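Next up is one chain by itself, shown in structure tokens, the form predicted alone.
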């Protein structure tokens, strides 16, 4: 049976971030492996940097040993403690783990040091240290449990090598991609989402990855009237249903500034009666700020569900794209390397799955380039992976079309959210 930590998920995440983006592996738990200093050392020596966590009453505190060590090595040690939801620390310099994990009576001469007697379940901390860390002034401090974790960098050299190789493979796949069956020469992806959701930033991010440098070609944000060039469109929330129907089926020729007081009609000079499959939208991505998905209004939820029902009727591929993941509390760059397993992101994915009905495999997470000037392979992998999923979803849409509809067909959509169109050859 796996041994579980007593840390809450939030405490564990805060400690991982506080000490530089670490991955924890539980090596020793006193209640399982015996309250013994020698047993603790036996299990933890030679395991690399370690984090010792001590539990006593309402106090959670301990020691972070920065380097790999043997029994009698002297290594840098930092004491820490949770004070409410924050972490305080006290650097106590270099010491030997075999000294503070004592089994017998030892005097505490260092004004910033502490001694831990696991067999007697007590710790002695200097008054200066206790005051700084918010620990009890009465000595010794009783303890109920002690755990020690191995600490590894989330983005160590081996992980980064794997990410770099994945980045190269994904980029090659995207550059050599061709739509299913040669039915169209390029895939058209429609991004729908509120202002500030990250549509323009995603567009810029994709361009940046392909060009090999950060670009801010598309204007981030939108006015309320909407603008359009050859491949980028902005619309306001107030637009009518038929605008979207026309756009999805590409009944609109060339650039068009949408105006709710002057709706386009079949008699308009820019109206296309019979658009071809190559001009249609082949995949739709609903784009949301990941920080807002749990706070969508009922009207917005109803609108999204209606959009999805229409897309399902038409058989059009559709996914959800969650952006701004890097702005979530406690998310670090290391989390981006395996974002779908991050315990802070999972509840967001579950919310979209539960409330909007999307399969978890159809919910994509990205960290866009917004203020950065250098590309990051960790971000690139998320962006390329999301783009790949959209293109493959579009392929599924094309493959499922009946033969009589590979030239012309009608698609009906009902929506009212900001969007932009991406073209990928």
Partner chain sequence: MAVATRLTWSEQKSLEKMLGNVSLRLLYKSSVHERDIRSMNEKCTRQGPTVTIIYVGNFVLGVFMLGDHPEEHNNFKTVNPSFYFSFQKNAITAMKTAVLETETKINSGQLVCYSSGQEVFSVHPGESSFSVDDSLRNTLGTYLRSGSKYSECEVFHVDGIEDDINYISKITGATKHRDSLLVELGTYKPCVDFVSEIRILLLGPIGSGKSSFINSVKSVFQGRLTRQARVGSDVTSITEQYRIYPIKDGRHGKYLPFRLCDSMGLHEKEGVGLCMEDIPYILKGCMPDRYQLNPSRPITLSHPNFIASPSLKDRIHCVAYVLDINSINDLSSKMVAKFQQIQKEVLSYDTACVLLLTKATNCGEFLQGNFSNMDKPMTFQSRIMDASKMLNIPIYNTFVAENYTSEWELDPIKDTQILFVLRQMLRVAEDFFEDLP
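Bear in mind the structure is a predicted one, so any value in this text is a computation, not a measurement. Positions refer to the first chain, counted from 1.
One more form of this protein, predicted in complex with its partner chain, exists but is not displayed; see below.
With respect to its partner chain in the predicted bound form, the three residues 119, 135 and 374 uniformly fall beyond 4.5 angstroms at the level of their nearest heavy atom.
With its partner chain left out of view, the stretch that reaches within 4.5 Å of it through heavy atoms in the predicted bound form is, among 72 to 80, 135 to 143, 316 to 324, 206 to 214, 316 to 324. Of the residues given (363, 378, 53, 387), 363 alone sits with a heavy atom within 4.5 Å of its partner chain in the predicted bound form. For the residues 163, 293, 174, 183, the 4.5 Å heavy atom test against its partner chain in the predicted bound form is passed only by 163. Although the partner is absent here, residue 19 lies well away from its partner chain in the predicted bound form, with no heavy atom inside 4.5 Å. At a distance threshold of 4.5 angstroms between non-hydrogen atoms, residue 289 is out of contact with its partner chain in the predicted bound form. Within this chain, residue 131 is remote from the site of its partner chain in the predicted bound form, having no heavy atom within 4.5 Å. Using a 4.5 angstroms limit between non-hydrogen atoms, residue 99 is distant from its partner chain in the predicted bound form.
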